[in-house]
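What follows is a single chain, given as structure tokens, in the form predicted alone.
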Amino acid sequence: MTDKSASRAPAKDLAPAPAPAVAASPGRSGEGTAWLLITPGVIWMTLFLVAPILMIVYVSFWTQTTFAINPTPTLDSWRDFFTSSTYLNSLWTTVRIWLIVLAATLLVGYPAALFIGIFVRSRNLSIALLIICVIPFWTSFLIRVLAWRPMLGREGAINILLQKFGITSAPIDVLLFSQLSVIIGMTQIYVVFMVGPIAFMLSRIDRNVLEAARDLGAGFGRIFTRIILPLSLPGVVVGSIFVSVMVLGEFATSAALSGRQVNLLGNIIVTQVGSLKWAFASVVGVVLTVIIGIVIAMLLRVVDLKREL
């Protein structure tokens, strides 16, 4: 009996154990929740961004006559744009003014953001300074643009001060109704969009890191190039995107401060729409959209914003 029971005992041990209950995987429910969350945004972007852009591209190939437009496909509007020196000069003027204004806003805005984000230690004071930068936006855009006319004119405040202090002996005509006046106006209007993102990134820098660098004997120049500038690059990229999008699509500032002597792509779109030339206006709109897309893609290659922010 003992031998038989002993021989049977291992058989029970070798019997397959019951399979554990399989818990429900949360993967499918998580994917379903994710799709539900992004669906409203996808619908919104499709209806109000993708569809209008596709419609503009479609209309750009329509046949435009003097008093009418019909959906017959043609390349005439595209040919007129790329074979006209006037429109190509406007394209080059738009790109040139964008580059100058972008550099000017960075040159003016970065020191201001550096002061607010690094040198001002009080958080309340830094917030107050940022609010002061935004105060001009409490007024109308056109008022801010037109306010430069009495400042830059022949008998404006700037010419009066220059002559009063003996810097110039006669009024400077180039200050108003020129590309310079457009650049000055755009720089003043859009510099705050460069200050805000850079100041935000600078305020995130740990002060202990800067103190440690000083204790190790690093001067301000070395601290700036090795610590402050690299950590502020995401803010520079975000500010550059803001400024680029708004400057490339500008038309009101150039019309008000240049006396219509500076024609940007935005001004051409307004003129063509006013003349009911929808096909040609669509061509200029597509070209401008492509330029903005290329600029944003180039800026996003500088810094991985998803990782840095």
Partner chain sequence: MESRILKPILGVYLALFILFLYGPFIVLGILSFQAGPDGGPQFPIIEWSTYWYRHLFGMTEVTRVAPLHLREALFRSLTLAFMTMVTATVLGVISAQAFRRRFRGSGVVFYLIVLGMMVPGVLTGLGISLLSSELGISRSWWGTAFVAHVVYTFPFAFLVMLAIFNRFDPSVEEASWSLGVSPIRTFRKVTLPIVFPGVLSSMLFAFTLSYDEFPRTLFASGSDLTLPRTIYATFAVEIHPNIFAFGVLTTLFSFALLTVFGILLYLSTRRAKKIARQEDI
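If you're wondering where the values come from, they're calculated on a predicted model, not measured in any experiment. Residue numbers count along the first chain shown, from 1.
Not on display, but discussed next: the form predicted in complex with the partner chain.
Contact annotation for the candidate site: Pro40, Leu107 and Leu146 all lie close to the partner chain in the predicted complex (heavy atom within 4.5 Å). Though the partner chain is absent from this view, in the predicted complex it lies within 4.5 Å of a heavy atom of just one residue from Ala170, Leu75, Ile167, Ala157, which is Ala157. The contact with the partner chain in the predicted complex, taken as any heavy atom within 4.5 Å, belongs to Cys133 out of Val236, Leu202, Leu91, Cys133. Within this chain, Phe82 is remote from the site of the partner chain in the predicted complex, having no heavy atom within 4.5 Å. Contact annotation: Ser140 falls within 4.5 Å of the partner chain in the predicted complex, judged by heavy atom distances. Interface membership of Leu288, defined by any non-hydrogen atom within 4.5 Å of the partner chain in the predicted complex, is confirmed. At the 4.5 Å threshold, heavy atoms of Ala68 stay clear of the partner chain in the predicted complex, well away from it. The partner is not shown here, but in the predicted complex the stretch 50-81 reaches within 4.5 angstroms of the partner chain through a heavy atom at Val50, Ala51, Pro52, Ile53, Met55, Ile56, Val59, Trp62.
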